[in-house]
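Below you will find one chain, with nothing else, as structure tokens; this is the form predicted on its own, and questions on how it binds or moves follow later.
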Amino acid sequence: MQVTISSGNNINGTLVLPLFEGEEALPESVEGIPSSLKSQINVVLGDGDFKAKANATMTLMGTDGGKAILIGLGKQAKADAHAYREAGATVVASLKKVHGNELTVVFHDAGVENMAAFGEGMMLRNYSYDDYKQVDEDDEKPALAARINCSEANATALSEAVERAAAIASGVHLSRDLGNCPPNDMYPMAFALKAEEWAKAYENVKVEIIDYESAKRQGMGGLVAVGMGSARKPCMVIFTLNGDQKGRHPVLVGKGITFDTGGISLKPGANMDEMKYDMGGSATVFGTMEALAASGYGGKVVGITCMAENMPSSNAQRPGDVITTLSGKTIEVLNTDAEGRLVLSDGLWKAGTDFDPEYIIDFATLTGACVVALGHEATGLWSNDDDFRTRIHEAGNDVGELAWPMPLLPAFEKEMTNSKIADTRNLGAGRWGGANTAAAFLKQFVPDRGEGDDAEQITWAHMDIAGTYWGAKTNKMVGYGATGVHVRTMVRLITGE
């Protein structure tokens, strides 16, 4: 979708008119609307036929002045950037063939931030995944184009804001594409090769692939154990943006289980097709790297994606196995369906020892327990640093992606290190607090910085996106499937914009 900015008053295609609740007529300041269409709008407002409640829509047509979509922003006092973003998404979601493929948005009483948010919402919602559908030439739809009319004084700033929003949306859409792709085509090395091809578009991006044999040689026992039962072997993909920059930098780590059968601890068959989304953590990392690169971010960022397919076979890992991870720590495998934490154990250690992170954040569709706790409304958020956890929480709030602080209690850590034959265990002692014990397990693989009494664990956060990367039906930015959640949160956190 192309969103452009115009300082003129001409209206091309269907007029999109955001309105506040309680307005009984269009203000005189709204210019460029043909008189016949303006009269029809004033009639429906004056008669109360359209009350402009948040995300309510009405289509008007049949006048000489053309067609219009009225979109409600709710009460003006509460109409912040989130309201405008949702309204923009609602417009795109409500489009029908009759509206055509060309829109002109006309605001009143809206600043640059709110107008840009409306355009962002339109771009985020304008997504479909139809790579596997046959489409007749007669049914092909032209690309949707929207123009936002604004004052000449706001045109430059709004153009820059919308251009940046489009770059970030490209990262969100990439994350969704990766998640929605069927698992027969999105397997570990397919992900790696896609990353390698993607990097060719940017001079400041480098992608390194650690294949299965190399992972074995390096001692990545968690990654190897999870993926060795599949004919499509595991790998680790490392993204580096602006690698020539010095100093400490963010490192993002993603769980990338391209399909999760549960392994020997086989999952139930119902809805198992959704396990293609189990690589959502790695999709978030990849999408964030695209958003940062496309928007021209100049700082250094590293992304590590831990890719594997968890399959049952004669050479798959078993419950009862003990594996040795990259850190040297051993893990007693009590359930092969608790596999995401195993691949992340190697990714986290790699992040802290081979790089110089300002902080590490991992993303994982890790536990059903997190969905039980928070539903599909919020991501679970754990950290070894309260201030850092607050920064992530606030960054998520800023862009409308809720990450909810969760407890990382010493008792949970003790539970995950209570194995009689290994350093750690990959399953808690019972079903209670499963998302918390999973986070406590991951904390064991975050390295310290410094030595002796001066040693201090590297700042780290864990984001469990099991409930938010897919199945989030109340997310107005998404029509179906993968959501691309937290790409925008990370851009906000890393860039401060």
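In this text, all values refer to a predicted model and were calculated from it rather than measured experimentally. In case it trips you up, residue 1 is the first one in the sequence shown, and so on.
Just so it is clear, the following notes concern the form predicted together with a small molecule, a form of the same protein that is not shown.
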Segment that reaches the small molecule in the predicted complex - one of 316 to 324, 88 to 96, 193 to 201, 270 to 278, heavy atoms within 4.5 Å: 270 to 278
Contact assignment for the small molecule in the predicted complex, among N335, S128, S419, T330, heavy atom within 4.5 Å: N335
In the predicted complex, the one of E120, D346, E339, E290 near the small molecule [non-hydrogen atom within 4.5 angstroms]: E339
4.5 angstroms heavy atom contact with the small molecule in the predicted complex for A369: yes
Close approach of T365 to the small molecule in the predicted complex, 4.5 Å, heavy atom: yes
Residue contact check: A466 to the small molecule in the predicted complex, 4.5 Å heavy atom: yes
Partner proximity in the predicted complex: D260 to the small molecule, non-hydrogen atom cutoff 4.5 Å: yes
